[in-house]
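Taking the form predicted on its own, here's one chain by itself in structure tokens.
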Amino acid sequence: MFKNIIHNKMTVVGFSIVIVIVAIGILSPFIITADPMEMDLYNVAAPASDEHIWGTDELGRDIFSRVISGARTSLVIAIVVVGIGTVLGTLIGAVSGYLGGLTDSLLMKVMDILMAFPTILLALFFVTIFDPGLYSAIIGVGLSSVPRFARLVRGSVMSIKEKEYVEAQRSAGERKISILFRHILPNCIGPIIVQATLTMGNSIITVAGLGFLGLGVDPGVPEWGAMLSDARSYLASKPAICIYPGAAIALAVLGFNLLGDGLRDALDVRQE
């Protein structure tokens, strides 16, 4: 697996991007040069200078510090979102695939209905139900990612449960729940990791979209989508206010997608 990853240049690029972004998110308190929340109305939309290396935004806040702080905000949100989707989707998919029958039919009908809606639309629906805000955005985007994990795990479980070693455990009288969690789900880890990596990128851009619409983080909190929304009116006169957070979103999504594609190829046993 690692040999396949190392020899895939795009995967290495994606992995490098992800490592850099994660490092920036962790070390952001030590990297920022100013308080990302501090406003200076006498220094609005100022050009780059020694004090503000990327200039200031529409409220005089340091752009560099806000973009760097936004890395932590976006990563934390994406990790929680992926956690929600992974846990709920895995449980639903595992139960559906292992039990089959009416349970499988009902659960997958619900998942099919949810998958019929675009992710951003489904996220907007949940955010509207729970009221706009950070926690609502996390819940909304997290729940919208559940069907993809559920369908993926269901397919893997249905394939694995017919294997000889599973039949042997069943013949030995081992309980169903024990067989599922001890012998089937551990063999589904590879596809789940790949889906989680790809979902990280999708979550970042979806949360940024909600922030752009004013339905994400609280006003003033450094988050890339909200920063783009606040800077829309300055796109022509001060494009840097939009370019930096926009580039950060694009780079983060690119990194996770390249890494996810590489992991998918590396974990494909047919390539061994």
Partner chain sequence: MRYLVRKILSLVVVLFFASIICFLIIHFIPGDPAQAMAGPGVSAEDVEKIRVSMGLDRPLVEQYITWMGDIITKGDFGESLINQEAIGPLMAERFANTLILSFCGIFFAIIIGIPFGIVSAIKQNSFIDLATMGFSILGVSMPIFWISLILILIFSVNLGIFPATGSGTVMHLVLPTIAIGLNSLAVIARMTRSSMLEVLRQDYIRTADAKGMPYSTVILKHALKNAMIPIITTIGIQFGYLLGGAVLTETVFVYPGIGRLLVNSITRRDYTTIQGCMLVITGLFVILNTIIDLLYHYFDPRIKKA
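Just so we're clear, the structure is a prediction, and the values are computed from it rather than from any experiment. Positions refer to the first chain, counted from 1.
The same protein also exists as the form predicted together with its partner chain; that form is not shown, yet it is the one meant from here on.
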query: M37, I53, I243, V44 - the one with a heavy atom within 4.5 Å of its partner chain in the predicted complex; finding: I243
query: Distance check, V80 to its partner chain in the predicted complex, heavy atom within 4.5 Å; finding: no
query: Exercise: V146 in contact with its partner chain in the predicted complex, heavy atom 4.5 Å; finding: no
query: Partner proximity in the predicted complex: A208 to its partner chain, non-hydrogen atom cutoff 4.5 Å; finding: yes
query: Partner proximity in the predicted complex: F212 to its partner chain, non-hydrogen atom cutoff 4.5 Å; finding: yes
query: Which of 61 to 69, 23 to 31, 225 to 233, 44 to 52 sits within 4.5 Å of its partner chain in the predicted complex, heavy atom basis; finding: 225 to 233
query: Sequence-ordered list of residues in 122 to 147 near its partner chain in the predicted complex, where near means a heavy atom within 4.5 Å; finding: L124, F125, V127, T128, I129, F130, D131
